[in-house]
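Shown next as structure tokens: one chain only, the form predicted on its own.
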Amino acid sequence: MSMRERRMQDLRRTVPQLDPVAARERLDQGALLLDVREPDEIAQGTPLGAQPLSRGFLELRIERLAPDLDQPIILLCESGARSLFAAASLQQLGYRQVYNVSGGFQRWKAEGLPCAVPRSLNAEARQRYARQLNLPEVGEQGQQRLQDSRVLIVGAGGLGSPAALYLAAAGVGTLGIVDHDRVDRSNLQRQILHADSRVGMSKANSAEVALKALNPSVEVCTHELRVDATNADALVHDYDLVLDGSDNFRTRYVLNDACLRHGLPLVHGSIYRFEGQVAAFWPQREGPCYRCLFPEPPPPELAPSCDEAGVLGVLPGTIGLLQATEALKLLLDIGEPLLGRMVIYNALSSEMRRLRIAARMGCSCRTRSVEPIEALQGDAAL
């Protein structure tokens, strides 16, 4: 008898074994069934209700799946060998109810128990997103979640440019680009979606060219219009998240109110000369809305536009990337999004401050009664 066989014999005495029928019954009673085979094996089929988690990532990811050490956990592989070693590893981590499926998936199929062929990424997607797939917080399920996501980016300018490029690169399946303007040569200092050869083209179409060149699998929906109270609801309705890269208070208030009505998260960004700010608003889940922060627009003289005050070209890049990061965190439900918080970045001092934003008493987001508003007059870019 080889050392491996002796070791497996010892493990069978310490790890309780379940036949597939018993494992299925435990699954129906609330146990967690982990399929620890590799993705190419799981792609051929897996027990219905099983959670795929390849053996190499088991110790890294198990705490997120089973934070309770008393959670009943059943492990399964192709024949019952790998899962036996995996079960012993979980016992060493302190899990007290760990079981192994004797005979593995081969026996599960042979006994006619329900199976499913899970959706999986194709070879091109695996290659493109390989580094992201290695992150336990993303993995194949997270990547598929991004693939199914729809993000509306309002403004294909300084903020929308880096945000759109990185969301496309990350594999967000559908990006909506809203912009009524055309590419001007003065934009190119900071609006990196565009190119000198596309001066005069609509910004929405120019953005589509750049994004499809970066990632042909991303669907780009262009909306060549100016967002206002008459069209905002129809715009946001088909999306999962709105990223605000606009440069005026009118649009920000309209987007805030539309997102409130549709229960969507809103990722805000704005810039002024050498300083920028980023926040996320989703009162249905946590924290305030944009109107809690700015109940009324400031006087125009206190918020001049970039045309009037100027802006360091790289600053929108920094803020737009932070917006893209917040969007990915919200879509994947990972980390600590800036809900109820704002990051203020000063490019000259390289300082970042994080401030807490309080929900304002009497704000419409507290009462959940947000009615369409007329466009604000006399507002200015921040």
Partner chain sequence: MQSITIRIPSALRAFAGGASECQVQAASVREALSALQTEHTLLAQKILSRGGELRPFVNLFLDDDDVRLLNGLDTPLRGERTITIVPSVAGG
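Owing to the predicted nature of the structure, the values given are computational and were not obtained by experimental measurement. Positions refer to the first chain, counted from 1.
Absent from the display: the form predicted in complex with the partner chain. The rest refers to it.
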Considering non-hydrogen atoms and a 4.5 Å limit, which listed residue (Tyr95, Phe294, Phe85, Tyr166) is close to the partner chain in the predicted complex? Phe294
Just give me the single entry in Ser79, Gln71, Ser202, Asn248 that has a non-hydrogen atom within 4.5 angstroms of the partner chain in the predicted complex. Asn248
Of 221-229, 100-108, 125-133, 155-163, which is the one stretch near the partner chain in the predicted complex, taking non-hydrogen atoms within 4.5 angstroms as near? 155-163
Any of the heavy atoms of Tyr272 lying within 4.5 Å of the partner chain in the predicted complex? yes
Using the partner position in the predicted complex, report whether Leu48 sits within 4.5 Å of the partner chain, counting heavy atoms only. no
The partner chain contact at Pro299 in the predicted complex, heavy atom, 4.5 Å: yes
May I ask you to state whether Thr174 is within 4.5 Å of the partner chain in the predicted complex, using heavy atom distances? no
Checked 35-50 against the partner chain in the predicted complex; residues with a heavy atom within 4.5 Å, sequence order, are none
